[in-house]
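Only one chain is included here, represented as structure tokens and corresponding to the form predicted alone.
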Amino acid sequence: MLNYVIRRVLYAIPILIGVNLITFALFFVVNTPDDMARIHLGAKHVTPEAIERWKVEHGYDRPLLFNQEAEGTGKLTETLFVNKSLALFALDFGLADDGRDIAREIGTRMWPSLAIALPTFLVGLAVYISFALTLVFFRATYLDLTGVVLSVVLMSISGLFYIIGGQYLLGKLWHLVPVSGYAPGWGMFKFLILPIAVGVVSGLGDSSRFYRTLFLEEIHKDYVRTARAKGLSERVVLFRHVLGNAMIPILTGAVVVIPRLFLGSLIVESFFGIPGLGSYTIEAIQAQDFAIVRSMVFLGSVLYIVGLLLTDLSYTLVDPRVRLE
């Protein structure tokens, strides 16, 4: 087990370097350091002296990947890529282009993101699995057909419709919850009800249909027929045997949620005015703040790799036949 974990961690290093390199290349293909200086200085006619001064103050005065003027290893180390991107491996996020500490911002903004994403994930998972098991329990009936049609209809609707519709119906028309905003402390719960509800409803269609397919594949296998032959009720067969044997694909599908638990949802946080990491990333992209963008991309990559590793380890808990070698 330990050897497997070490091997996976070593595999992650070149992956993270590649992600950093691609992010770095894509960002500077769009904007040069001179363009970034003009954006942040906020003037139409900026003098070359002001541009050079901004680049020196923010560390963008060095070459991108290769420094011909340096000597020895400095040709590679005294570059923007090493100083701006590889420093992330030491969890040195540095300062944003506006001077704010990125690590402090991440530590502050991750809690609003978790406050939305974690309940949405847990409540949604319980609702989706319960709904899918109900459809399987009443399979080949009108209730099952109605549930499948409802799932397809929900899948066909854009997520923006749920956001705008929820804000109009629950917030503006019925005045049950605030349309948008956020408050620290216990006051945040009234602002989180609508985003969590929208997140659960918007994922009901595709998630329930996916879980229903998993359970239907398991329901016709030999161990299910054996359990029924022993006299077990259909409820026990579904919830104890079918659900237990379908946990591996369920855990695999949950991997993609782990980065979002910390990084938040870009669209939801922007529409509901939640000061989380999702809205932080959107604001950084709009401001062309490369320091924040590279930090968020790196953090997302690390969390996704950690999620994959935790998923592989959890396989050994839900299925004793799985061995990590």
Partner chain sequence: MRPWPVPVFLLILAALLAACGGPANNPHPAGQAGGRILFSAFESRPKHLDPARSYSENEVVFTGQIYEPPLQYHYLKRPYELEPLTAESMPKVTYHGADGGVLPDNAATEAIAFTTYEIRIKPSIRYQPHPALATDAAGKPRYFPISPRELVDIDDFQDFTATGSRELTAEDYVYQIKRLANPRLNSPIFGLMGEYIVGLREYGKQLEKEAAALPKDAYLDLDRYPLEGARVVDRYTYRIRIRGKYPQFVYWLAMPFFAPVPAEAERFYTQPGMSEKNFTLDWQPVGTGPFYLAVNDPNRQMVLRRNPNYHPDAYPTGGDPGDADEGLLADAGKPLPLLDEAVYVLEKEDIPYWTKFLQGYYDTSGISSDTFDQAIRLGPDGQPDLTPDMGERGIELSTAVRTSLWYVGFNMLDPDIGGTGERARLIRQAVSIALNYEQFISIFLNGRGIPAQGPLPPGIYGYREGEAGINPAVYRWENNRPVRRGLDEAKALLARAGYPNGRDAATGKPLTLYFDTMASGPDAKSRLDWYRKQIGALGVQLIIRDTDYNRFQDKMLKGNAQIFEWGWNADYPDPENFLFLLYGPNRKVEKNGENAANYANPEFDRLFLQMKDMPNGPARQAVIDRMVEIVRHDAPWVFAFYQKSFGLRHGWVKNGKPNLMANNTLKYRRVEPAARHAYQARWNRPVWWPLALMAAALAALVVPATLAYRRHLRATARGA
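Numbering follows the first chain given and starts at 1. Fair warning: this is a prediction, and the values are worked out from it, not measured in the lab.
Form predicted together with its partner chain: not shown, discussed below.
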Although the partner isn't part of this model, could you tell me whether Gly253 comes within 4.5 Å of its partner chain in the model of the complex, counting any heavy atom of the residue? no
If you check in the model of the complex, is Phe81 within 4.5 Å of its partner chain, heavy atoms only? no
Ala229 versus its partner chain, in the model of the complex: is there a non-hydrogen atom within 4.5 Å? no
At 4.5 Å between heavy atoms, is Ala291 in contact with its partner chain in the model of the complex? no
Of these, Arg100, Lys75, Arg240, Arg225, which has a heavy atom no more than 4.5 Å from its partner chain in the model of the complex? Arg100
Residues from 169-203 in contact with its partner chain (non-hydrogen atom within 4.5 Å) in the model of the complex: Gly171, Lys172, Leu173, Trp174, His175, Leu176, Val177, Pro178, Val179, Ser180, Gly181, Tyr182, Ala183, Pro184, Phe189, Lys190, Phe191, Ile193
